[in-house]
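Below sits a lone chain in structure tokens, taken as the form predicted alone.
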């Protein structure tokens, strides 16, 4: 058997893996990343100088045997991973754990925005198109939502004002993100432009144009920062269960969960969802079946951008209360969230929560330990890389014709290469 056959056979096995097998693979990858990260922490702990070792490595001494070696390290990997995972949840194993504390709010806050971004990317990927422009769509949607709320909020106050302002803000974010995402969709459908290149370029255009508009046209005259005016208090997403200063609302997370269910149903149980998946994966077959693949690709991009735009609206209305340049890279993180979830909308929630834990926990590690921030970022990257790569190779294998033929042959009961 040649090396190519072995690779195709391995990828075919990965493509055909069940949900339970894929979960087991991801769990094994997580533990593998922790083991590799432990080695890096210990190595860095030997290179770094410290007056007192926080972790000592030796061997068991049964029957009174003397120790042959005893090596000290400046960083304790157990403490690092404890702070990274449990610290992000506010120490759930401690006696005074508050599930509605500030640290849990920070974790769920990151999870919420990543949920919308990852869901938007997953829609595009399920359609067989690569939307690398979720960041730009999120930025455009964020500014549009704030400008819309600033116009509407002064007109209506109280609870009704909150409902109207948030509805208008989310709709404006979705509309702006969807229209901006439709641009690469039109370019791909009608002039055969590569969507990877166009969406990447549109990220930079979005950042530049939005920055220009804020600085020169809608800037808060009383602020030195490049930002809009702050929206009225009643137009913010209301905090529920958590304290107001946590800048997190269960309501926003609930909207994200509802959208996860809605997008899953749309893709799996509607004619549009079937057309969407077919147009991206097999456009010739879709055209033969009467589907307007060009129009469907544009619609797929629009839906993807709308979800990312809602994420931008939630970021502005829930976290900032205004728009400010320098939006974090939620859109790019959403790409990895989608890949980690296998582009399955139901898996996006779990993947977003893992990312939320890692982003929140990294701050806890930086605050509670002496581990350098660069090493913490490396550990985060290792976890993301190890957990996401099996799904990445599974998606890659599903697009390779040789692997697809092997999977079809195995499923039909045919013989495989020995």
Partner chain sequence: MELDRRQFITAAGGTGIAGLAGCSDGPSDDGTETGDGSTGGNASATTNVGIVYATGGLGDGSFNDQAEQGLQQAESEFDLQTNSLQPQEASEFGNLQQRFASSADPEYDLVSCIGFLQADVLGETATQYPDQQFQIVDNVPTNDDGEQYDNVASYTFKEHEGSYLAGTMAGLLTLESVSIGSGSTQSDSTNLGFVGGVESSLIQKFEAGFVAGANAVSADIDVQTNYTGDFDDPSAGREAAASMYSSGSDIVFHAAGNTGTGVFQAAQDAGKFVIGVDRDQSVTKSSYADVILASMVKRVDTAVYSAVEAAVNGSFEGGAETTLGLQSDGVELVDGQQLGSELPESVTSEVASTRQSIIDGEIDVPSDPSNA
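For clarity, a rigid core is taken as the largest C-alpha set superposing within 1.5 Å between two forms. Numbering follows the first chain given and starts at 1. None of these values were measured; they are calculated from a predicted model.
Just so you know, the form predicted in complex with its partner chain exists too; it's not on screen, but the next bit is about it.
Can you work out whether its partner chain is within 4.5 angstroms of a heavy atom in all three of 151, 179 and 254 in the predicted bound form? Not a single residue of the candidate spot has a heavy atom within 4.5 Å of its partner chain in the predicted bound form.
Would you mind picking the one in 225, 346, 163, 240 that has a heavy atom within 4.5 Å of its partner chain in the predicted bound form? Exactly one listed residue reaches within 4.5 Å, namely 225.
Tell me, which of 157, 72, 262, 101 has a heavy atom within 4.5 angstroms of its partner chain in the predicted bound form? Contact residue from the list: 101.
Choose one stretch from 298-306, 141-149, 77-85, 164-172: the one whose residues place a heavy atom within 4.5 angstroms of its partner chain in the predicted bound form. In the other structure, the partner sits against 77-85.
Hey, in the predicted bound form, does residue 367 get a heavy atom within 4.5 angstroms of its partner chain? Answer yes; at least one heavy atom of residue 367 falls within 4.5 Å of its partner chain in the predicted bound form.
Although its partner chain is absent from this view, report whether residue 248 comes within 4.5 Å of it in the predicted bound form, heavy atoms only. Residue 248 lies outside the contact set for its partner chain.
Does residue 293 reach its partner chain in the predicted bound form if we count a contact as any heavy atom within 4.5 Å? Judged by the heavy-atom cut-off of 4.5 Å, residue 293 is well away from its partner chain in the predicted bound form.
Partner contact for residue 219 in the predicted bound form: its partner chain, 4.5 angstroms, heavy atom: Heavy-atom contact with its partner chain at 4.5 Å: present for residue 219.
Pick out the residues of 112-140 whose heavy atoms come within 4.5 Å of its partner chain in the predicted bound form. Contacting residues: none.
Did residue 358 shift 2 Å or more between this form and the one not shown, C-alpha, core superposed: Superposed on the core, residue 358 moves its C-alpha less than 2 Å between this form and the one not shown.
Quick one: residue 378 and residue 336 C-alpha atoms, closer or farther in the predicted bound form compared with this form (3 angstroms or more)? Distance between the C-alphas of residue 378 and residue 336: shorter in the predicted bound form, by 3 Å or more.
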